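Heads up, the chain below is alone and in the form predicted on its own; it's given as structure tokens.
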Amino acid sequence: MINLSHHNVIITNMEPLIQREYSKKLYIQLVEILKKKITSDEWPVGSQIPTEDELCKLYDVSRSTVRTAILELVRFGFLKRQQGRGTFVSRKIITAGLTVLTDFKELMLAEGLKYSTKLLVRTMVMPTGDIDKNLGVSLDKHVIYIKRLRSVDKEPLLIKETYVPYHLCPALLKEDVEKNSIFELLESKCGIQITKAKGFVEITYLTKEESSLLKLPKGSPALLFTQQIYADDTVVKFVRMIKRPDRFRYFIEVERKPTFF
């Protein structure tokens, strides 16, 4: 038994193993292992969990796998990060409801693929078309518009357009949105707690500009994803994603959503 006294948690030398022969992603397995430690009170509320390096060594996984798992547990309220101190168990949780995990960055890390992001447009606009309805704002409210191209192994995969009401997070006009996810920036820089998302998937056909970015013929079929991201009952982000259908699968996981007590 190893007592990490500086963390106030105990790790045994008989920890559950990550099963690489399973089809289940490594970070999902790690989430389940760490979640069980919290819900079973092996890691009590207020205790500090091991560092990323310690978890990497303990479960023989990469740092990206550990970070992705911790991010999920932070998002669901199991853990809380304190800058300069570490990560702590935040509360007890019971499970109910469903949520869908589809963050591009996390999925690429989980698959072990090298991805990159190129910022194409970042500006402030008025909500034209149906943007006002999708965001639930009036036509006289300014909206931050961010357009990025996502590539995997240098091959263009996804065009992502994001709309956020300006008054909710002006910092998005200055923050690095190539290296950081807008989801994380909304929470860390603007104090917005994301609680749910609603979305649709359909077939679309590429315009001249879209086909040029994705290196496909004009009019080629593609997958169109639209999402409304909420903080409680307020829409804080509307996302439109166009993905080429002939490269890489788009992974969707359905998982029970935590309820706190």
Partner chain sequence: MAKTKTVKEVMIDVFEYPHVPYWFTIGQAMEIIRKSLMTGDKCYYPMAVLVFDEKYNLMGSVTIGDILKGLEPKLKISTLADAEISYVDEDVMTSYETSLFNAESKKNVEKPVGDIMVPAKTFVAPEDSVVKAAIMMIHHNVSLLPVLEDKKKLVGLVKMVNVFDEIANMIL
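Positions refer to the first chain, counted from 1. What you see is a predicted model; the values in this text were computed from it and never measured.
Keep in mind that the form predicted together with its partner chain is not shown, yet the notes after this line are about it.
K.L.:
Among the candidate stretches 151-159, 80-88, 119-127, 177-185, which one is within 4.5 Å of its partner chain in the predicted complex when only heavy atoms are counted?
P.N.:
In the other structure, the partner sits against 119-127.
K.L.:
Considering non-hydrogen atoms and a 4.5 Å limit, does its partner chain approach residue 173 in the predicted complex?
P.N.:
Judged by the heavy-atom cut-off of 4.5 Å, residue 173 is in contact with its partner chain in the predicted complex.
K.L.:
Verify the contact flag for residue 142: yes if a non-hydrogen atom of it lies within 4.5 Å of a non-hydrogen atom of its partner chain in the predicted complex, no if not.
P.N.:
Answer yes; at least one heavy atom of residue 142 falls within 4.5 Å of its partner chain in the predicted complex.
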